[in-house]
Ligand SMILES: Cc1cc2nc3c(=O)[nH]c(=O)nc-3n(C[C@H](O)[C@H](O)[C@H](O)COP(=O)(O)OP(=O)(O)OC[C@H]3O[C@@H](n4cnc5c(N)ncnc54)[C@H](O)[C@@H]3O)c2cc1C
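So this first bit is one chain, no partners, the form predicted alone, shown in structure tokens.
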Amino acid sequence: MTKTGLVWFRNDLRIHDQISLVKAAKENSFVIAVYCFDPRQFEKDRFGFTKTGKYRAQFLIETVQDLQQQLNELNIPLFVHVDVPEKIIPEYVKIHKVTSVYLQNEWTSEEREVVNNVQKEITSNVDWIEAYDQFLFHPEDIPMTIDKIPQVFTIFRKKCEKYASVRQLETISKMPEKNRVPQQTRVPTLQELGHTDFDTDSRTAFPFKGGEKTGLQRLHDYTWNTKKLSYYKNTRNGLVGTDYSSKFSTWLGNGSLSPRMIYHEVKKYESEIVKNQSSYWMIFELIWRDFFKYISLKHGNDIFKLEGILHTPYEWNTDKQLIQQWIDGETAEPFVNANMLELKHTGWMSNRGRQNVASYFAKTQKLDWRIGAAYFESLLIDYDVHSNYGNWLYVSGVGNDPRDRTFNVKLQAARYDGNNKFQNLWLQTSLF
């Protein structure tokens, strides 16, 4: 019996170490792939922000273009549509007589609702195969059940480091030429997604394009070409330039880089170049990323609620003037303003900056942290639902920080931008 598999791409936009793609190629005579630019992701949210702003939208367009080319070389067509998956996926299942649908397992409410709706619209008997493909440590390999995920990161990290292992990379072979189907769809333009074209700000710390090829090149450059990995722990709190941090989070965000690929590359680097605190710290950050995914998996929709996963009833306010001043970089704190202007004009902000502006928003001004999180979702190129909301919960005192700290922005500015290089970059020429 001839079997046809359909790979539904979402936040797993790569061909390397891609479990759904590998399974589909192994188990079927024919494989097709589909990606939907869901119009709902480009609408306004409840706070008035466009869910996917222009910076992330452009990065996503470049990523899907790259994916389409890469898949074409494997004789797998990627059909791209600007429409809801509930309409598109069932149509392809019917037209191509699909016997199996492969996709990444997502658990947050919006993504789950879409999956359930798609399944309801498929009338034929189809195998539905979901795989966890976004973790460093696979859920089956961690030394605890999901309901026992610790509230404190250090406990989670130490247990995983001691008892869990990272799986080897999945590889896919080229499909037979007969699998090739005429490509009749194209990736939309930025305008077709509701945005206007923009020029990249010359001051940006993230001048990179989207796509798996660019992500893998960045991984290679950061490790082997420049050996910046050797100094990562010392530079990661930087603010200016492309190389103070790896910037891997952008490609990790939409799945065009596999966390396992980064891990194994770091391990190779350690065996051939140097093993030090910096190389370890790269893996340490990947474990942080896992931790927030597991917290999301454990607590469900509580990560989106005002009281957070601690169910803590703070007094929050929604002063529109204060919120707008924060967005526009017009607060009483120059360090906050510089970071917010960088975000506004580039879609990027350093980790150090994010912690400070979020703490100022939620802890100093006591503004509804969900509004800040929604603004980040709209603007950040490297938006990841679990990391974004996990970090906002953490900083706002309703998540996983056992110390419930408030950042002293002035002291932070003095420590990390003592010569005002970063603030001068954004505040002296903020008319751009």
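Note that residue numbering follows the sequence shown and begins at 1. No experiment lies behind these values; they were computed from the predicted model shown.
Form predicted in complex with the named molecule: not shown, discussed below.
- Residue contact check for residue 376: one or more of its heavy atoms lie within 4.5 Å of the named molecule in the model of the complex.
- Although the partner is absent here, residue 68 sits far enough away that none of its heavy atoms falls within 4.5 Å of the named molecule in the model of the complex.
- Heavy atoms of residue 239 never reach within 4.5 Å of the named molecule in the model of the complex, leaving it off the interface.
- Contact check for residue 395: a heavy atom falls within 4.5 Å of the named molecule in the model of the complex.
- The listed set 364, 58, 387, 400 contains one residue whose heavy atoms approach the named molecule in the model of the complex to within 4.5 Å, identified as 387.
- With the partner omitted here, the residue from 294, 263, 269, 348 that has a non-hydrogen atom within 4.5 angstroms of the named molecule in the model of the complex is 348.
- Proximity to the named molecule in the model of the complex holds for all of 247, 286 and 289, with the criterion being a heavy atom within 4.5 Å.
- Partner contact region in the model of the complex: 249-257, out of 185-193, 249-257, 77-85, 162-170, criterion any non-hydrogen atom within 4.5 Å of the named molecule.
- Residues of 367-384 lying near the named molecule in the model of the complex, listed in sequence order, are 376, 380, 382, 383, 384, the criterion being any heavy atom within 4.5 Å.
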